[in-house]
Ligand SMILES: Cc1cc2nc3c(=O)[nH]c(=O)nc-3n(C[C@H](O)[C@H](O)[C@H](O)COP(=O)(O)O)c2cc1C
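The chain below stands alone and is given in structure tokens; this is the form predicted alone.
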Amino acid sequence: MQRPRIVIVLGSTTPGGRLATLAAEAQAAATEAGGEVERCDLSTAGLPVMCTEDPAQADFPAVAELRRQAAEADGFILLTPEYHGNMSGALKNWFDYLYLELAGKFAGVIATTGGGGGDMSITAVKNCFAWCHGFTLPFNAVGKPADFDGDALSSEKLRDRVHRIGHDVVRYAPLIRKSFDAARAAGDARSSGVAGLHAGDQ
């Protein structure tokens, strides 16, 4: 039986730090739950800013790799710092390259914040994923400065939430993808629901 394929997206152009600490916790949890985990670290991915008027971007190795990862994934754990009450520009740029690759997929969302509550960035990420016809876990985790000692995670409550997200993404992602794919294969009738809108997609 194939293990659920999970992509962990580190949505920052700054390497390391608290976001990477939470990503490592999420990866450990998803692996423990039986997932086959890949990472997409936007600090090293080399993605250009998405430009719809530049068709040559589709041939860039970084873009092709991003789309391959997303297309093959059953689910995602998306991590973002909260910038000005929103997700990072890096993660939004990741979303801009994708659409069909996210339809019918499942994601959990984790944020870090320097002072806010994190709700705005979490909501922004979930909204973007929903507009791509994806589904998100109705549960999230936010890391605040008090949850860390430097970059090391010191809050057991936050660690618990992150691990629950990792397990839930592995648990539900393959079920949702299987159901969505079956509905899409049934054609574009109303009975296929939103999946029927993707009946002709490859």
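On a predicted model such as this, the values are computed, not experimentally measured, just so you know. Residue numbers run from 1 along the displayed sequence.
Keep in mind the form predicted in complex with this ligand is missing from the figure; the text below concerns it.
Would you say all of R18, G85 and T112 touch this ligand in the model of the complex, counting a heavy atom within 4.5 Å as a touch? Yes: R18, G85 and T112 each sit within 4.5 Å of this ligand in the model of the complex.
Picking from 67-75, 90-98, 128-136, 112-120, which part of the chain touches this ligand in the model of the complex when contact means heavy atoms within 4.5 Å? Looking at the other structure, the answer is 112-120.
Any of the heavy atoms of P81 lying within 4.5 Å of this ligand in the model of the complex? Answer yes; at least one heavy atom of P81 falls within 4.5 Å of this ligand in the model of the complex.
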